[in-house]
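Shown here is one chain on its own, the form predicted on its own, set out as structure tokens.
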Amino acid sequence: MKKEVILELKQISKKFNDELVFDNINLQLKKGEVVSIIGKSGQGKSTLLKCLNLLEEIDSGEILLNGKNIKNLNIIELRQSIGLVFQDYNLFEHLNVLDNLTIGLIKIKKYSEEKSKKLATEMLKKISLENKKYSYPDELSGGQKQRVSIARTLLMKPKIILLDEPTSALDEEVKNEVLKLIMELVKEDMTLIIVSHEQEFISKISDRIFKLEKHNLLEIKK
């Protein structure tokens, strides 16, 4: 059965002032596909992910989600559809883990507090962090913060999850916890775009791998 294309990048380019970040990039992402992007630091990989949910704007070209230009979509709906897990976790430091997970469900999804807490607690069980639900971010390890950040995105039920260097600042043992969670997402047929330096891991899980180099996105053989 042929999988549908849910995200399409058509000749997109981006500059910061007069400096070119990437140029004339084309990519089609199918439902349930795992695409990874590698490349040296400073090549624009994180910027590319941010452009996919309008945290940054492209200078030319089109980004289509289910055939619709993302510039014409409601920004909240877009970011529910394309969830970005940040490299630095982006958790609310003044909220405990449970509140970090429920805030989007209550304010954006308009779920009741009771339903939101139930869903969040179930998610914490799934990622083996139920005992941390009343802890604050500064009481968590880097790996625990990253798993909470991924869980928060999952609870919003996006069509696509973008993972920006999900293991970059983690030691080996903690890194494995996060990689295990990402592997579970792959098994559940989630649609993922992953920016990572974990080449051995991404070669196992990716349907396709691209390298962002000299402003271009080039597919490489696994």
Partner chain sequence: MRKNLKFLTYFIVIIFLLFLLYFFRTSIFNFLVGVYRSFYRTLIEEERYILILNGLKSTILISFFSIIFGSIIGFLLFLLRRKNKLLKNLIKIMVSIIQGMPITVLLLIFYYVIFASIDIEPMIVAIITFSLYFSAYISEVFRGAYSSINKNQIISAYSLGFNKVQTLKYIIFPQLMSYIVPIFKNESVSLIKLTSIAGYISIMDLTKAGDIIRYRTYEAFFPLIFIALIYFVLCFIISKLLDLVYKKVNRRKEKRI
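Numbering follows the first chain given and starts at 1. Being a predicted model, the structure only gives us computed values, none of them experimental.
Not on display, but discussed next: the form predicted together with the partner chain.
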Checklist outcome for this item: Only hit among L95, L119, L73, L129 for heavy atom within 4.5 Å of the partner chain in the model of the complex is L95
Checklist entry - Hey, in the model of the complex, does S141 get a heavy atom within 4.5 angstroms of the partner chain? => result no
Next on the checklist: Within 4.5 Å, heavy atoms only: does N53 come near the partner chain in the model of the complex?
Outcome noted: yes
Next on the checklist: Using a 4.5 angstroms cut-off on non-hydrogen atoms, would L84 count as touching the partner chain in the model of the complex?
Outcome noted: yes
Checklist entry - Quick one: does Y136 come within 4.5 Å of the partner chain in the model of the complex, counting heavy atoms only? => result yes
Checklist entry - If you check in the model of the complex, do D88, I103 and R152 all have a non-hydrogen atom within 4.5 Å of the partner chain? => result yes
Next on the checklist: Counting any heavy atom within 4.5 Å as contact, can you tell me which stretch out of 27-35, 181-189, 168-176, 53-61 lines the partner chain in the model of the complex?
Outcome noted: 53-61
Next on the checklist: Where, within 113-134, is there a heavy atom within 4.5 Å of the partner chain in the model of the complex? Residue list please.
Outcome noted: none
